[in-house]
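So this first bit is one chain, no partners, the form predicted on its own, shown in structure tokens.
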């Protein structure tokens, strides 16, 4: 593994995986520091779930190495799974069992529980544990899976769409539990389709694009360019006023994105739109989806 100036909990190097000759992960490297919360961004089909499963040894790697605690791949994938808790994106709970039986069975794979987190989960996700899981709704099954995934006292939690099938109130409660886990020093690696939520939960994000992870300095130029954009949503019946020379206009169903020339600061461009009393007017930090799309389009010609 490459040396690091920070204390890394998980290190992965040169991960490659293909299915039926189609590459999904391409010589991918990843490092997650102890106590960090890293978000993974990428739409369905980009390989997020494959990456999670490869890190845990649940999917065989074509090439590469993974280290977590005393576990390593190849060689000791069981050691990695003992040091990590995994919430899959598609949970397949034994629906012929009672909720209590599934909960006890899931937790039995771990030697230690965190009593505080276990109690927080029980309060947040109260379930009819004496009923068969087949009677549960999709949201109830997700809550049961969360109680299993969040309660073990392990260094790393890998969560694939943890807020799936949860209503807004339960999502907010889940976020508070995740923040508490961070306060207790746990490391989180998670993916969700609620990118606005991810922006508030994760301190850092990485983008899975063409089988590679882009993060940190690799995305800085694109992020800085998008920070100059002005995003505006006008009221019905309003139209854009005459704009300074060099401003590019991109129309979307939710409004307009304006790209000013380098000589025009975004705040000055935004000031021209204020008299219209827009529904939304912003610039600066770009939405994660917009950043992902820009990175993906930029990398099309570079993808092998």
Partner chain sequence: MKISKKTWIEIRGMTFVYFLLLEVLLIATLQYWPQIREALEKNTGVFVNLMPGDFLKRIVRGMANKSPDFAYRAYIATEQFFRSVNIVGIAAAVLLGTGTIARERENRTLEFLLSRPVKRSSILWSKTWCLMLAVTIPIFLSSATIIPITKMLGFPYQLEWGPIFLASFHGCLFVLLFLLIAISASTLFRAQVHVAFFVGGLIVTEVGIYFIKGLRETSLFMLSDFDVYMPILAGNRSALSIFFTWDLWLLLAILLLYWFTLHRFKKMDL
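Numbering follows the first chain given and starts at 1. Computed from a predicted structure; not experimentally measured.
Absent from the display: the form predicted in complex with the partner chain. The rest refers to it.
For the candidate set 215, 182, 82, 212, a heavy atom within 4.5 Å of the partner chain in the model of the complex is found for exactly one residue, namely 82. Out of the listed residues 137, 108, 169, 220, 108 is the one that sits within 4.5 Å of the partner chain in the model of the complex by at least one heavy atom. Comparing 100-108, 199-207, 170-178, 185-193 against the partner chain in the model of the complex, the single stretch with non-hydrogen atoms within 4.5 angstroms of it is 100-108. Residue 243 falls outside the set of residues with a heavy atom inside 4.5 Å of the partner chain in the model of the complex. Interface residue remark: residue 165 is not counted as part of the site for the partner chain in the model of the complex, having no heavy atom within 4.5 Å.
With a 4.5 Å cutoff on heavy atoms, residue 250 does not count as touching the partner chain in the model of the complex; it lies far away. None of the heavy atoms of residue 125 is located within 4.5 Å of the partner chain in the model of the complex.
Taking the partner chain as it sits in the model of the complex, the stretch 148-164 comes within 4.5 angstroms of it through a non-hydrogen atom at just one residue, 148.
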